[in-house]
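Considered here are two forms of the same protein chain, supplied as structure tokens in two stand-alone entries, structure 1 and structure 2.
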Structure 1
Amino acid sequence: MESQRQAEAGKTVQRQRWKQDPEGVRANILEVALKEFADRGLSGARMDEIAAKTRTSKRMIYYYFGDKDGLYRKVLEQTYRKVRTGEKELMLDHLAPKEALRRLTEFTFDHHSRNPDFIRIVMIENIHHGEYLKHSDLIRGLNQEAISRIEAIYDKGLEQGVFRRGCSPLAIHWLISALSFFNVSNRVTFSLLFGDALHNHAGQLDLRSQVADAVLRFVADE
């Protein structure tokens, strides 16, 4: 009986802490939900499982996010916000165009490699034909910023005569995304077919450099 009272008291204290840190609670829910959606998909993920792995209750998850669709949409938005915030924090404006584009490419490669759940969530959203993304003004705005960032680098490269004319910022973004995305999305099958040489630590460092070289050769005025 005493142990039960202590357990209940502990839960009460924990609930009070949750109430004092709503942003921390939301962040914890989104972190857990990202893993569940990435592992099980939108259809396979269960709110009970998500709640059991968070620091809060199922009732509070519904309070913050409405329903499973609402939670999934917020997870999707959060994953895009994270990568775009990381790009912004690179502070590329003061760099020479080639250095700026290399740094952006290497950041994208590293981000995707270190965040496989981001890749899985994007794949899941493609399975659902972008149904949730198309209704998110936030995601569209964040990704337009990504194109504008590349456009600024590309225009500077044109002005300095180091980039060729005829490239579009959107195509440059596509190339960076495609090479970085495939590195994660097909990692298991590629490794099984061809071995792990490209996916051990040394292989990833070499591949990151080669991907950046490929992007720079694509835009170089040579």
Structure 2
Amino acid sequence: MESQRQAEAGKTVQRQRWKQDPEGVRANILEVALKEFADRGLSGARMDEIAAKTRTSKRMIYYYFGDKDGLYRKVLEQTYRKVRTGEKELMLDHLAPKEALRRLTEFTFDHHSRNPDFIRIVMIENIHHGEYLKHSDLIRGLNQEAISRIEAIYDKGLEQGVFRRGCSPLAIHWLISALSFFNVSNRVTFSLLFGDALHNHAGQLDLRSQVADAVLRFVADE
């Protein structure tokens, strides 16, 4: 009777037929790992926890990524890549320099705001003295583009006499990054110390516009 039960059970339980989907599995692991690392930090994240949240197993993580560091490295690379490629949609060539710079700034502000996981990974990487980013060649190329984009706008603004001389595109990029980054990275502590006036919904809309003001005023002529 017992064996019959098992036999029936064996029948009803569909033999788990699985597809081969290495890319899907890798992507799923990376997605879960990104969230977990971003949420708890590199040392804080637990491999068992990551494994449990994937649709696959711990065994597969080690199969594809070797060890925890290898996994983190891939998460880091993928995160940078995804965010940077997401920045390319912007068409600013046809706009007047001031308008182009405002759009770029507000776009960056929103973009960082929409990607807190990226911000947190960069924070974590800075905490770890950039030792993983150091050993990743893949990433460096992607970022010069950001500078070129600004340089194009700035040069045009100089020609038209609406921007002052003496600013460097790098410094302008730094300024935009700093404000957009800090807005996300320090949201928690800043809100705790000074209230959420800048970080509730209305506050963010206003702050974005003020950030764009700050950038424009920084490069403005006169």
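The term rigid core refers to the most C-alpha atoms you can superpose between the two forms while keeping them within 1.5 Å. Quick note, the numbers are simply positions in structure 1, starting from 1. None of these values were measured; they are calculated from a predicted model.
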Which depiction, structure 1 or structure 2, is to be taken as the form predicted on its own?
-> 1
Looking at the rigid-body rotation between the two structures, which one of Leu30, Asn183, Phe65, Gly86 is the hinge residue?
-> Gly86
Look at the chain as two rigid parts and give the angle between the two structures through which the smaller one rotates, in °.
-> 15
Quick one: CA shift at Glu77 between the two structures, core fit, Å?
-> 3.2
